[in-house]
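Okay, here we've got a single chain as structure tokens, the form predicted alone, with questions on binding and movement later.
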């Protein structure tokens, strides 16, 4: 029963990084729409933010399997 509860907990915890990634790319699209010349700088920041948010989800799945 513990393993099932860990996966349910991870499923709920994965909502946070999912929302975060959505907000990151929504801000990126909005910024590029307002200032197309800043696309290169905004794209690198958006990819970095995506990687950090996704890392939280990967750490969460690892902890769900370990605990």
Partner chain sequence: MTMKTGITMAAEGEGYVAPGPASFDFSEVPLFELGGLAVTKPMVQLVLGAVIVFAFFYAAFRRASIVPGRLQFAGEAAYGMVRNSIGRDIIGSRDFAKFVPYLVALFFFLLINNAFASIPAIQFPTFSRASMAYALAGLSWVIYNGVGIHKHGLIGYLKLQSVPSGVSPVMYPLLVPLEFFSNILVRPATLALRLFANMFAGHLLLILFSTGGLFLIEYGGIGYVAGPLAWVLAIAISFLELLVQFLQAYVFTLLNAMYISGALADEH
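Positions refer to the first chain, counted from 1. This one's a predicted model, so the numbers in the text were calculated from it and none came from an experiment.
Here the subject shifts to the form predicted together with its partner chain, a form of this protein not shown in this document.
Interface membership of residue 19, defined by any non-hydrogen atom within 4.5 Å of its partner chain in the model of the complex, is ruled out. Its partner chain is not drawn, but in the model of the complex it has a heavy atom within 4.5 Å of residue 61. By the criterion of a heavy atom within 4.5 Å, residue 47 is counted among the residues contacting its partner chain in the model of the complex.
Taking the partner from elsewhere, residue 12 is found to have every heavy atom lying beyond 4.5 Å of its partner chain in the model of the complex.
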